[in-house]
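Here you get one chain, nothing else, as structure tokens; it is the form predicted alone.
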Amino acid sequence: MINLKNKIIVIIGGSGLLGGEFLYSAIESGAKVINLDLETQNKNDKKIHSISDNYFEIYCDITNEKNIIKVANLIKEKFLYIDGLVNFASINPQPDQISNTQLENMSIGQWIVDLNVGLTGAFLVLKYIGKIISENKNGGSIVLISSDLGIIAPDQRLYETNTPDTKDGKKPISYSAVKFGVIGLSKYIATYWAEKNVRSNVICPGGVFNGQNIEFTKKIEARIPLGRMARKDEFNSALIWLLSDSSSYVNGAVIPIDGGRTAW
């Protein structure tokens, strides 16, 4: 009974690792999906592109307010309403990309870039795309993606290696600020549009295995009760449930899906 049949779902960042995995799962569950992303088949064309009967793409820079206003208007003109929204967009440096990221050395420029995508972008998505859901007579569901590091602090020992380029690596402070902030945004929306039957929840995925080096993988698996990292498809069922009518009384929830890491 848990499905997205006849629902119109907007996915922000549907061309990424988790977004791309969920996109196809949502379509298989019966949804009509609109992917807003920088990485689309027509990057320089600000139109809605119909890839199939149930899948549409729009180039969108969520940090650009004028761009997102235009995209919101295109969606309203073509689809009239939407039922759900999932925001995957964020900057998440991987272990082999983390170098010289100590708090003391982080530039204000990098801080601004990270917050622009993770928080300002999320704010604009809610302001313009979320508003379309609030105008839907049946309401709808919004799901924001945080992280297990939106609940706990990063264990910086995970990022220490003997490689010169990464020996001083740290998970950036901006990542924690964004992921904790996303939870705040979700809880705010959970009460802001509640009278319009708009629900807002957040999931906090744990680390996803995506070819990370063996040293890092072993370290993080030792910190997870289930003893392994997540597969990239292990969040789809929870997202479908939160977007479906089967979760009609779930609002303001923070759901960790992390193999038990935050339960220690």
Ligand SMILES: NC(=O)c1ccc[n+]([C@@H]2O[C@H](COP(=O)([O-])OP(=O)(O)OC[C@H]3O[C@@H](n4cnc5c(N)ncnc54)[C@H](O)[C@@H]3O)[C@@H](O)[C@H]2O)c1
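Just so you know, these numbers come straight off a predicted model, no measurement behind them. Start at 1 with the first residue shown and count on from there.
Another form exists, predicted together with the ligand; not displayed. Remarks below refer to it.
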Using a 4.5 Å heavy atom cut-off, which residue among N251, S15, S25, S244 comes into contact with the ligand in the model of the complex?
S15
Residue among C60, L239, V202, V33 with a heavy atom within 4.5 Å of the ligand in the model of the complex:
C60
Should E39 be classed as touching the ligand in the model of the complex when contacts are defined as heavy atoms within 4.5 Å?
yes
So in the model of the complex, does N92 come within 4.5 Å of the ligand, heavy atom to heavy atom?
yes
How about P256: is it within 4.5 Å of the ligand in the model of the complex, going by heavy atoms?
no
With a cut-off of 4.5 Å between heavy atoms, is L115 one of the residues that contacts the ligand in the model of the complex?
no
Heavy atom distance at most 4.5 Å to the ligand in the model of the complex, all of G84, S134 and W193:
no
Using a 4.5 Å heavy atom cut-off, which stretch among 194-202, 61-69, 25-33, 48-56 contacts the ligand in the model of the complex?
61-69
Scan 194-220 and note down the residues that get a heavy atom within 4.5 Å of the ligand in the model of the complex; none is a fine answer too.
P205, G206, G207, V208
